[in-house]
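Form predicted alone, single chain, as C-alpha cells, below.
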Amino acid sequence: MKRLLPLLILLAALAPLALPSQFLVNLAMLTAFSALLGQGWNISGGFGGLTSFGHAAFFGIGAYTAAILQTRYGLNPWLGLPAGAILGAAVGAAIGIAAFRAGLRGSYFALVTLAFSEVFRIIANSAEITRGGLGILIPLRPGLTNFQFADRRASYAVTLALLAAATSVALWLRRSRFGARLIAVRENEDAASALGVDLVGTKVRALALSGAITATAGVLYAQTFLYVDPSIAFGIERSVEMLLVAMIGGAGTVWGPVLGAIVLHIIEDTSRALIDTPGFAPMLYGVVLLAIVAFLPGGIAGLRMHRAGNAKRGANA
C-alpha cells in the first residue's frame, strides 16, 4: 500500500485534466494549491520542527513580487517565479539568522514569524509601491507568455507541476544527508550539536528553502487570481491554512500535505454547503486543529505508520 499511494495520488491528480467541468477543475486546482502551501510549510515546520505562525510573510512576498514586476516594471510574468523564490529564500534566511542566532526556538520562534508577517502586512498597507490597502490589480491578458490561462485546466497543470517540484524536494529531504541532519535537529538539538551538526546553518537553510517554495505559491496565486492586497497576502488565515494542511496530513512526511489538502477541502466545502455563515471557516479551522492535536498528532500519514508499527510488533510477538 505504501508503494501504491504515490501512484493513486498521481492518478487522482491527473484525472481533472480530462474533465469538461470547469467547476471540478477549479476545485482540484484549489486543492493542489493548498497542498503546495502545505508542502512549503512542511519543509521547515514538519521536517525541521520549526513551527511557524507567520508563513504568510513568504506567500505575500511572492505575490507582491509578481504583481509589482508585471504592473510597475512591465517585466514578463514568468520572471516572477524565480524572483519570488529568491526573495522568499532571502527573507527566510534573514529571519532564520536573526532568530536562531538569538537562540529562539519553539513558541518563541513561532511568535517571531507571526510578528514578521504582521510587519510585512503593515508595510504593504502603507507603501506606495504596493498601492496600500487598495492592492494591485493585474490586467487580464490571457496567454502562455503572460502566465494567464482562459482554461482552468492549464492553470491546474502549472499548479500540479509546482506541487510535484515541492514534493520532490520533500522526498529529497527524506533521503538526503541534509534532511537527516534537519530531522536530527528536530528530534534533539543538543544531541545533534554533539554529533557536529551546525544547528543555526541547518535551520536557516531549511527556512530559506521553505520560504522559496511558499513564495512560489504566492506568485502562482497572483497570476491566477490577478489581485493582491495586504490582507490576502499576509493574513493570518493563510498561515493557518498552511499549518493545518501539513498537520492534518502528517507534518514531516512526504505525502502528508497532499492528503491534508484533500481532507481540508472536503471539510471546508461540505461545511460551506451546510452552513453559509461569515467567519465560520476560521472557527472550523480552529476546531479541526484542536482535534488533530488532541486525537491525531501524527496526522493521517502518522496514523498509517502507527498501524504499520503495531502490525509489525504483533508479527514479532
Partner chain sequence: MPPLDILAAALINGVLTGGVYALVALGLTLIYGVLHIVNFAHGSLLMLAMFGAWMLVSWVGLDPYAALVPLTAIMFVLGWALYAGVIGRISRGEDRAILLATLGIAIVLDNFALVVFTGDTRTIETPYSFEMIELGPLLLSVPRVVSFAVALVLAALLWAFMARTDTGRAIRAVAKEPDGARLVGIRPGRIFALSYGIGVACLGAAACLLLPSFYVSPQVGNVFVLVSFTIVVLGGMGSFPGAVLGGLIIGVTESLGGLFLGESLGPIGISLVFIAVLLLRPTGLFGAAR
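Numbering follows the first chain given and starts at 1. Just so you know, these numbers come straight off a predicted model, no measurement behind them.
This protein has a second form, the form predicted in complex with its partner chain, left out of what is shown; the following refers to that one.
- Stretch-level contact analysis of 201-209, 187-195, 161-169, 112-120 against its partner chain in the predicted complex, using heavy atoms and a 4.5 Å limit, identifies 112-120.
- Screening A98, A90, A180, I129 for any heavy atom within 4.5 Å of its partner chain in the predicted complex leaves a single hit, A98.
- Remark: A12 does not count among the residues lining its partner chain in the predicted complex, judged by a heavy atom distance of 4.5 Å or less.
- Within this chain, F53 lines the site of its partner chain in the predicted complex, having a heavy atom no more than 4.5 Å away.
- Taking non-hydrogen atoms only, N76 never approaches its partner chain to within 4.5 angstroms in the predicted complex.
- At least one heavy atom of A294 is located within 4.5 Å of its partner chain in the predicted complex.
- Residues of 225-240 lying near its partner chain in the predicted complex, listed in sequence order, are I236, E237, V240, the criterion being any heavy atom within 4.5 Å.
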